[in-house]
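Below, in structure tokens: the form predicted on its own, a single chain.
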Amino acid sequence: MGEQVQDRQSFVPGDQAFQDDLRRRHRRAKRWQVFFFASLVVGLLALLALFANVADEAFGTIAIASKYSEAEVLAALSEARGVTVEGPLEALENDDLAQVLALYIPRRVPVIVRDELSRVKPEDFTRVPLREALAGATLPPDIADLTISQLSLEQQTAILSANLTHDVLYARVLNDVIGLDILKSWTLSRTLFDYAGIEAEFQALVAAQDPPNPQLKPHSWLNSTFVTGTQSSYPELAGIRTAILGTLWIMALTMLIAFPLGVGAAIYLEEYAHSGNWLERLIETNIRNLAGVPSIIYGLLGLAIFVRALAPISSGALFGFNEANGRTIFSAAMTMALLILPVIIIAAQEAIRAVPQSIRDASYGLGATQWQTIWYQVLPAALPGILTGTILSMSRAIGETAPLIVIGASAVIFVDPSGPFSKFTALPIQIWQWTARPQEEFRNLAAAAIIVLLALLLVLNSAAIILRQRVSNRLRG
């Protein structure tokens, strides 16, 4: 008995050995703590550097020139009105801005109507009645059945005044009338820390080019005109409204397709497939492998299946829509759904697996069937985890560019999408297209579009997080 006690005591370290071992463990833990903290700091610094770089490009100073000064335009408008029109130009009403367009560029007024309001293809715009060409626009009843070429200049101007926002009309006046020409742009950091150098460069630029009415002024590329306007070859006029609507359409359809399919597959794999045969193991392995497949592969798959093989469906021709091919929002949504489906399935599986078995046993003990147990007990308990995986997958899908390029997203499009069978573009495509242009100003626009994309991502993620939190609170209550 004494030998057994002695042997047991030999496994208990003495005070000094115990203290030494404890200090070593504390030092090891401290090193890992410092490493984790340093990793967090490095990650935050990288994120701040990214945001700072984007903001630096989206704001700053520009040097501009113009064919006409604001004073000249206001004088011409005053003469046409017969009364003195006070400035500044930005404060004019819609009627005044539209009349400026009619005074200076009368032949371009129908082109502006087409670019800003048309709902049909450009080649059909002059042939179809305005009721169809400008569907959704405010039109006087007496001209709804006429074509744009049958209208007088005053009637065309009235359409612009009634349907375009003040910001869009003002931007049109700046670019199409005043002839705003951006000579050079400087970043926010240069503006804050080297404005004297910017002024020197501006003076040298003016001396070399002798532009009319040169000005140097601060400028934000992220403004209301940028968010509500459509694409344009003029940087000052370019906007991302069509890209934002395309992104929202794609994300909405993607979630409607991927979420029920992903959750349904996870329920089957976790609750029904328990045989453990080779087919189930093969499915599980392939789902996890598909989560790491490059996104461009999904783009090629979407091109082969949804754009080409299923063109009658994806183009809407089977349902009476007149689309030329399957390069539509529907094809993009199906491709994105395939892209994020493995992530949703894996996240949903883990969430369902985390539900305690005792909940299922209690439900069965009260006489519930397996499906009733899954629907009323397992799914509500797993829903917060499922939504977490959905948020992560949505964050990945909203920024994908390669699959959309492969399936044929439009780089330049002026018509807003109106349904799942519409032609489309998206914010990542728009950013990619602008960064590929040689003009420096379009890279500034790309930076502003990145800020909008990040804001859109934060809004969508916040909505999903709030939904997840409410579900969790309801379950706790």
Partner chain sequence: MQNQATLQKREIIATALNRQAARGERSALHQRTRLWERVIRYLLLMCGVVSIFTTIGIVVVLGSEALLFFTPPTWIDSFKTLQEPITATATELAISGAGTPLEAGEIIRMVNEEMRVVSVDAAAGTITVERAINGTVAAPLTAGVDILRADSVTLGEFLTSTQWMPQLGSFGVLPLLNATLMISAVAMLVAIPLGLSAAIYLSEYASPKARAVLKPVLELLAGVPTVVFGYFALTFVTPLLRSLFGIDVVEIYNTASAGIVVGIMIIPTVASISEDALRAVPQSLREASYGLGATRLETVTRVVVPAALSGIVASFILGVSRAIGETMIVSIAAGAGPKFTFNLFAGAETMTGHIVRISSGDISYNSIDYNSLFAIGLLLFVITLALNILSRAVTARFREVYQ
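All of these numbers come straight from a predicted model, not from anything done at the bench. Positions refer to the first chain, counted from 1. Between two forms, the rigid core is defined as the largest C-alpha subset superposing within 1.5 Å.
Although not depicted, the form predicted together with its partner chain is the subject of the following passage.
Among Pro88, Gly292, Pro141, Gly82, the residue placing a heavy atom within 4.5 Å of its partner chain in the model of the complex is Gly292. Checking Arg127, Lys121, Arg131, Arg353 for any heavy atom within 4.5 Å of its partner chain in the model of the complex turns up a single hit: Arg353. Picking from 213 to 221, 96 to 104, 171 to 179, 275 to 283 the stretch near its partner chain in the model of the complex, with a 4.5 Å limit on heavy atoms, gives 275 to 283.
Although the partner is absent here, Leu460 lies well away from its partner chain in the model of the complex, with no heavy atom inside 4.5 Å. Taking non-hydrogen atoms only, Thr147 never approaches its partner chain to within 4.5 angstroms in the model of the complex. For Pro420, no non-hydrogen atom is located within 4.5 Å of its partner chain in the model of the complex, even though that partner is not displayed. Contact annotation: Arg108 falls outside 4.5 Å of its partner chain in the model of the complex, judged by heavy atom distances. Highlighted residues Phe37, Leu341 and Thr401: every one comes within 4.5 Å of its partner chain in the model of the complex, counting any heavy atom. Residues are counted as partner-facing when one of their heavy atoms sits within 4.5 Å of its partner chain in the model of the complex; in 292 to 321 these are Gly292, Val293, Pro294, Ile296, Ile297, Tyr298, Leu300, Leu301, Leu303, Ala304, Ile305, Val307, Arg308, in sequence order. Superposition on the rigid core between this form and the one not shown places the CA atom of Gly43 2 Å or more away from its counterpart. Comparing the forms between this form and the one not shown, the C-alpha position of Lys30 differs by 2 angstroms or more, with the core used for superposition.
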